[in-house]
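For this one, two forms of the same chain are given in C-alpha cells, first as structure 1 and then as structure 2.
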Structure 1
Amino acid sequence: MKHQIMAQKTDSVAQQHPDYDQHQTVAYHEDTATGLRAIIAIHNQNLGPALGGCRMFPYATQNDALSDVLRLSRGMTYKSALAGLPLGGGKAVIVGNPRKDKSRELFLAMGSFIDSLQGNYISAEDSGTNVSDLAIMGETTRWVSGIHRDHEFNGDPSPYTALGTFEGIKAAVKHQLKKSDLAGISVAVQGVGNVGMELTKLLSQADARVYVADVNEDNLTRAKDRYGAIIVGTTKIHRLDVDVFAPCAMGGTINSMSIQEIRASIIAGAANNQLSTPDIAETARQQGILYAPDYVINAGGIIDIHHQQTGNRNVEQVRQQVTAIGETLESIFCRAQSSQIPTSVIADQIAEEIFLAPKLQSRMA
C-alpha cells in the first residue's frame, strides 16, 4: 500500500490558522486507493508522547478539519497535564461519514499513517470511531490504545469517564452545597449515551434524584427502567430546578442564552467543550454557578486509555487515579474562590504550570 505523507512538520497553512497554538507537528495524509483523508496534530510533548482520540466526521472543508484537530489536540495537552499523566496532547481526524465511509482498508491505511509518526502520537477512540475500527488500525501500528479485549470493559473507556464525572459531581456538591454525599441531590443529565447512562447508574446508586433527556428513545427507556430516572424533554433539561446540571451529550450547549436559564448551582458533566465561548465561565461565576471544567472532570477515560497503553491491568490503581479527579477539582474550586476568577481559567493556569515546567527547567539547566 502506498502512502503519501504530505507534511510531517507544522506547515505554514497550519501556522496561520486561528486555532494554531505552537503545535509541534501537523501531518496530512491523502490516499486515493482507500479514500483516506486525515490529519494528525501534535500540540505539545513536554510531558510525553501525544495521546488523543481519532475522530471521524464529514467535515465540509479541509479548514474545518484542521480547526478541529488543532483545537482538540491542544485540549488534550491540558487534559493529560491536569490528570497527572506522562503524556502530551495530540488528536487525529479522518474526513468522512462514519455511517457510510468506513472500510477495513481505510483503517489499515490510517494505522500506517499513525505508525509513520513513530510513537510520537498514540491514538484511541473518539466520536465516529469505535473499538473495532481501532483494532483494525492496530494491525498496522502498535500506537493505538483502548482495544484491549481483556480490559474490564472490553477496551471501552466510557465507564471510567463516568466514574471520574461522578467523583467530580461529589466534589462540587461538597464545595458548593456543603454536603458530603449525594443522597437527595437532584441531577439533570443531558444525554444518556455511553457515559451519561453509566453516570445515571452511579448517581441512582448514590440515592440522587436523576432527570434525563436524550434524542434517543431507547436510551431514555433504559435509564428509566434500569435506574429509575425521570424523563424530561431535551429543551427543558438545562432549565430544571435541580442542584446539578450534567451535560453529557455534545459540546457547546452552554451559551449566552442557556446560561441565563440554568437554575442549578453546579454545572458538572462529561461533554467536551461545554462552553460555547470561554467568557461563559465568567458569566457562570457571576451567577453563583460552580462550573467543573470539562477537561478536568472528564479525564477518567484518558487515564484508563493510558493504563491500557502501558499494559497496567491493576484495576484498583486505575480507579484510584480516576477517583482523584475529585481532589483535583476541589483544589481548582478553592483557588478560584479565593482569587475570584473562573474555575476554567484556574484549570488552564495549573495545566500550564505543569506542562510548561519541564521546558523551563531544561532552559535553566
Structure 2
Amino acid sequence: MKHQIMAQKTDSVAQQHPDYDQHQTVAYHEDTATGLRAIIAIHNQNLGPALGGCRMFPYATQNDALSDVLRLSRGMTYKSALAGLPLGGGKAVIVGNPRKDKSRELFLAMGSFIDSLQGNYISAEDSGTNVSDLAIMGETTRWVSGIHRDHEFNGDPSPYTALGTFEGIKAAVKHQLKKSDLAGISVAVQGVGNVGMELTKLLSQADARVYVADVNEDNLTRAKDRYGAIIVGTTKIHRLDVDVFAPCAMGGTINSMSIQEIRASIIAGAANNQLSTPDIAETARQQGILYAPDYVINAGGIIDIHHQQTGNRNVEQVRQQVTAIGETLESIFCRAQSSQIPTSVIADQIAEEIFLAPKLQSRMA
C-alpha cells in the first residue's frame, strides 16, 4: 500500500524555535487514515545523506515534538562527524504511544513519508521503534536501515550502542579515576531498555557493581535476575554515591537541579541530549564531574547502521570502529583538561571542524 503524501518543508515556526540551528529541512506529515503524526528534521548534509533514528513518543504538544526532533537531528550531525562517517544528521519523530498506537498501516505511512524526501534522510530504529517496525516502513521506502536479517543482531544496532558506551565508560574511568579496568567500579544505569540492558550486561561481566532504575518492572527484574543488578527508584538513581552515572533513558534529565544532586564523578551514558541546556556542562566541570559528551559515547549504533546500509558485514571491522570511541573520548578529555573548558565544547569544536570543512573548501575553490 503506497500512501500519497505532501510533506510540508521548513516553515517559520521551526525557524523561530529556540532549538532551530540552520536546519536544512523540517518536514511535517499527518495521515488521518492511520493516525500518523510525524516530523522529520534534516540538520546538515555536508558530509553525506542525513541518517538518524525514528523515535515514537507520546509528546504532550507539537512544540515538544519539534524541539526533540530539532535537537536530535543536530546531535546526529555532530555524532556522525566525530565517528568518522560520511553522513549528515537527521531524525524522525512519531507522536504516539509505542505501547498502544502502533499499527502496520501507520508504519507503511511513515515509510511513504520518509520516501518523499528522496533519500536525503535515511531512517533506523530509535526509542519506541524496533527492527520489525522499520521492516514495515521498508515496504514503502528503501531509505531505512538496520533491518538486515543476516546481521549479527538481526539488524538491531542497540548492542553496538551499548558497546560504544561501555568503551566510553572505561575511557572515563581511566582518565578520571586512574583505573585501567572496571572491577569494583560502581555504576548507576538510568533506564534499562535495549541499550541500558546490554550495557548492564557488559558492566556486570567486567565485575562492576551496577545499580539500575526504570519505569518498566519487567526490565528491572531481568536486569536483577540475569546480571545481578541492584534495583533503586527512578528518583534516586542519579543521587547515588557511585563512581559513574549512566543516563540511558530519555534526554534532558541532567538540569540545573539534578546536577547539584549527582554524587558520581563521571557522567557517561547512552541517552541523547542528556543536558537540558548547554551551560550544565560548565556546572559539571566546576563540580569536578567528567562528562562524556552524549553524541560521542553513544555513536556505536550509528556506526553499525552505516555499515549495514553500505552492505559491510565485517563484524570485526565494525567492532574496531565502535571500540575506537574510547580513544576519541580520551582525546576530548585531555584537550578539555588542558584548556579548562567543558568536554562538550571541545567535542563540538572538533565536530564542526569536520562537517563544516566541505562547505568552506567549496567556497575557496
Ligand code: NAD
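By rigid core we mean the largest C-alpha set that fits within 1.5 Å across both forms. Just so we're on the same page, residue numbers count up from 1 along structure 1's sequence. From a predicted model like this one, the values you see are computed outputs, not experimental measurements.
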Between the two chains shown, which is the form predicted together with the named molecule?
1
Verify the C-alpha shift of Lys224 between structures 1 and 2: is it 2 Å or more after superposing the core?
no
Compare the position of the CA of Thr140 between structures 1 and 2 after a rigid core fit and state whether the shift reaches 2 Å.
yes
Has the Cα of Phe245 moved 2 Å or more between structures 1 and 2, judged after a core fit?
no
Align on the rigid core first, then pass along the CA displacement of Arg71 between structures 1 and 2 in angstrom.
2.8
What is the C-alpha shift for Thr61 between structures 1 and 2, rigid core superposed, to one decimal in Å?
5.7
